[in-house]
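First come two forms of one protein chain, each written alone as structure tokens, so that there is a structure 1 and a structure 2.
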Structure 1
Amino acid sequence: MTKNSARNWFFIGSFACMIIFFGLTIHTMTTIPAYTNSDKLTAEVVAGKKVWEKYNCVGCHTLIGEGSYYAPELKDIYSQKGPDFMRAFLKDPVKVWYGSAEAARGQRKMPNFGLSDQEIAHLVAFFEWVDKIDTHNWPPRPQHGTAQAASAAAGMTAADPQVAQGEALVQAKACTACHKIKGVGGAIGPDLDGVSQRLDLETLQQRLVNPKAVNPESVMPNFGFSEPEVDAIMAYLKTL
């Protein structure tokens, strides 16, 4: 091979790769609306992206895996933790996560950016939209089937329809974002295993109806459960 043929190879190859790349780019752009539900890209979502940028959130977090590795990935934070938790957390991260500034000493923690309620609402809308981007199932999460199999293996009795309804509610409201159930879940609220033995049932019920009625300092959101829902959750908690 001579220098000239090497040079021609370089130029022609680069040009060809560029052409293929541009072609694929055009095709990809036509598919993005479907992959990202762009019809749901409301003004609120866009405003949320601006809030995300304004506070340089990507300087600590990753979003779909890109950013910094100091703080958690947020692609599916909406389905993992739910909007109530997010709103409470963004208002006062240290208090919600660690309980107090004392407890947070020496721990990694998010600064309080003093976000307004509107900014928080926009951010939550943004994350709700991001959550639904089709990312070929990234980040990997346990499949629903596997979770059911695990419950079955743990001897869970979903035979009682009230218990099953309670378990479904606990999953739907992502209680494990803050509480541990069978060793899995967050550390913000108390462990729920055996909670029906630790607390008297009346207090437990009151906490479900209005968390602040028992403890005004509680950061647990009021989920507005109906009476039958509270009964169902109680029935489920008694099985733990």
Structure 2
Amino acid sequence: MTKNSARNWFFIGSFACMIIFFGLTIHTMTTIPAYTNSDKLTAEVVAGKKVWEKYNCVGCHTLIGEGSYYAPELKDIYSQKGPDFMRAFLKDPVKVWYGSAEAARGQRKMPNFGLSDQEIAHLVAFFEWVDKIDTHNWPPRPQHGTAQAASAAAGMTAADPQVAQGEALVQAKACTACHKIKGVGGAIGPDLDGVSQRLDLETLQQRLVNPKAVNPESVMPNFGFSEPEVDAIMAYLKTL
């Protein structure tokens, strides 16, 4: 290759890279609104962001991976827990999470900031908006109880699709944030091991359909499960 041809290839390659770079930049800028949900930025959402900043929530939590790692990531908290649970938790975190101050003694816990009802409403609106941002599954989440789930899955056969669907729903809704399954999970709700033996099936089904119909004080979110989804979760719970 001569010096002139090498120089020409350098300029052609550089020009081609510049075209590709500008093309990708334009594509990114034109698709950002669709991914970021920016057209849904209401005054209430903006006010919720200000509440988030006022109480320095990133001092403990991450949001879309940004912040501290002391407390959970909150990107999908709205779809995981629902607005009713969030309002109750923000009003009195210790009561909702541990049941009482005595039970929370010595435990890591969120302080009660004394948020007003309006501040809580704004925060819930903010989290609902953040929940709808398409981050392409970022940040990645830890899979609680992976070893136990793998062990249970190993015992399944192709004849158990309903059980597999139920387990997938339990994982998707992050039920172990409140309940223990095979020793792994939270302590807000009851341990789910053997729950189908402790409760009659009609009561268990009703708890999945409408938790407050069974217990008006329940903080369990109503996930709006369809009838086939309830049947699948019931099938899975019977295996625990």
Partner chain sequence: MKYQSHTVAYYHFVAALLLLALQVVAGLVIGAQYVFPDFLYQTLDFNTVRTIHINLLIVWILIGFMGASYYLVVEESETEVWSPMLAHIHLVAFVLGGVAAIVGYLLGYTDGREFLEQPFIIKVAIALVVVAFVVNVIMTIIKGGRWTSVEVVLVLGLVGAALFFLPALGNHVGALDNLSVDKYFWWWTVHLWVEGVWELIMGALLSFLLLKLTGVDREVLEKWLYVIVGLVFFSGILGTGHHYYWEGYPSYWLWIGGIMSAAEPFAFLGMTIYAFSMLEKAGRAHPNRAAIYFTLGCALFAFLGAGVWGLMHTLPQVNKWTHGSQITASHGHLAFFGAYAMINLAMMTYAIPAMQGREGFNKRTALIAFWLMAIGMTDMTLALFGAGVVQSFMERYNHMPFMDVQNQMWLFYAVRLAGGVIFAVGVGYFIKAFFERGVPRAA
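Being a predicted model, the structure only gives us computed values, none of them experimental. Residue positions are counted from 1 along structure 1's sequence. Between two forms, the rigid core is the largest collection of C-alphas that superpose within 1.5 Å.
Colleague: I need to confirm something. Of structure 1 and structure 2, which is the form predicted together with the partner chain?
Modeller: The chain shown as structure 1 is the form predicted together with the partner chain.
Colleague: Does Thr62 move appreciably between structure 1 and structure 2, meaning a CA displacement of 2 Å or more on the superposed rigid core?
Modeller: Comparing the forms between structure 1 and structure 2, which are aligned on their rigid core, Thr62 does not shift its C-alpha by 2 Å or more.
Colleague: Is Lys50 among the residues whose Cα moves by 2 Å or more between structure 1 and structure 2 after superposition of the rigid core?
Modeller: No, shifts by less than 2 Å.
Colleague: Can we say the CA of Ala187 moves by at least 2 Å between structure 1 and structure 2 when the core is superposed?
Modeller: Yes, its C-alpha moves 2 Å or more.
Colleague: Any chance you could measure the C-alpha shift of Gln197 between structure 1 and structure 2 with the core superposed, in Å?
Modeller: Rounded to one decimal, the shift is 6.1 Å.
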